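Next up: a single chain in structure tokens, the form predicted on its own.
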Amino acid sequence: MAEHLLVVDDLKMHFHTRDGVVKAVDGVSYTLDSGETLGVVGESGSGKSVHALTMMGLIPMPPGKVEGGDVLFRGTSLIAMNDDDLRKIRGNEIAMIFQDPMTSLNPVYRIGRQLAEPLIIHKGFSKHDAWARAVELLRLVGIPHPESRVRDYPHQFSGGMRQRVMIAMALACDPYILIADEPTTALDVTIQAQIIELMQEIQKRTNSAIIMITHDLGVVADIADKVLVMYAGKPAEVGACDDVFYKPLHPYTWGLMDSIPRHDILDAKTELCPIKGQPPSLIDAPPGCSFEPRCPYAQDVCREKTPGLREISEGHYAACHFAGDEGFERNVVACAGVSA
């Protein structure tokens, strides 16, 4: 069997604070191959971004500490790498698009300089060649008049254009993996669609793998091959996109699905069905299943024993004691009076 491009194996990133140990990422596992897109979803604070920053070596240590697990990129451990070796990969073979392009771009440097820098550092380009490549990258991501815009500063770009610049910067060195952390946040729906379409076009052209971190299940349904659902730092469900969306196994995934407005089953007189309660503290997590206090299906075993991630069907995993059991099925938008 061919080696996976990326293997995340039981990764655990904890933060040691005055109040206690924050288990921000606690046992995440998945694989990713070239040309695949993984969608990572879950509520704020579920560990989505922290798991990606851990892979990139961007978590300050201390207070962070990798308490277990590993991340293998092309067979080599990223966790065991020293800083110098990791810098050769970061921004070169693995690149990341951050949530807020305005804070990710240096406001006092021209866009061209910021695009040229990784090419000079990682690829050995001359300043002239790197600048010419910067113009090509801006053209690639659909920015008009790139020959002149390359000399502009970040504040001279709109939010959507800045996000395109961030994508261009991430793609400068033709990375094997592109990590997109909420790339469409705060953009209007038209620009969101353009950004997603751009990323798909570039993926087809380069055969790169994409890790899409987002709250938007619609985006995930549109572009992802596989989905990782995270809750309280742990994987709740992992599987092929169609399996997770059409045959979800975990009550938390059911809750996420039922929180989405559905024109096909809801009308103006019905209400949305949010997940009741709040995520647990990652310092003092409850015993048993972390979703138990909010789960309408919880039983005694859920309060006493932590469920492990189990393969319920081929390639489809869930961390629920009852996942796959006969009769344990989702009641679609039950609070709106609609059942499956």
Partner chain sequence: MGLVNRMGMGDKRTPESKIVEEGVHDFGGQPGGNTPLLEEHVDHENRTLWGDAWYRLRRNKLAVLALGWILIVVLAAITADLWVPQSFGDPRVINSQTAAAQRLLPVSSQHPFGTDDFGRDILGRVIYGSRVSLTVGIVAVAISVIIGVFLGAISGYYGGWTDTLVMRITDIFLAFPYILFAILILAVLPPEVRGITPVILAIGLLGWPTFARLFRGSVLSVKENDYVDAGRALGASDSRLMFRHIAPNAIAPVVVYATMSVGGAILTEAALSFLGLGIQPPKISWGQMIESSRGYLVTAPLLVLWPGLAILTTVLAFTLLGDGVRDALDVKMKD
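Since the structure is predicted, the reported quantities are computational estimates derived from the model, not experimental observations. Positions refer to the first chain, counted from 1.
Another form exists, predicted together with its partner chain; not displayed. Remarks below refer to it.
In terms of non-hydrogen atoms within 4.5 angstroms, which of the given stretches 309-317, 288-296, 33-41, 51-59 touches its partner chain in the predicted complex? Comparing against its partner chain in the predicted complex, the contact stretch is 51-59.
Counting non-hydrogen atoms within 4.5 angstroms of its partner chain in the predicted complex, say which of E182, D258, D222, D243 makes the cut. None of the other options qualify; the answer is E182.
Is P63 part of the interface with its partner chain in the predicted complex - any heavy atom within 4.5 Å? Yes.
4.5 Å heavy atom contact, F322 to its partner chain in the predicted complex: No, F322 is distant from the partner.
Although the partner isn't part of this model, could you tell me whether P279 comes within 4.5 Å of its partner chain in the predicted complex, counting any heavy atom of the residue? Contact check for P279: yes, within 4.5 Å of its partner chain in the predicted complex.
Using the partner position in the predicted complex, report whether D10 sits within 4.5 Å of its partner chain, counting heavy atoms only. No - in the predicted complex, heavy atoms of D10 and its partner chain never come within 4.5 Å of each other.
Going through 9-23, which residues have a heavy atom within 4.5 Å of its partner chain in the predicted complex? Please give them in sequence order. Result: F15, T17, D19, V22.
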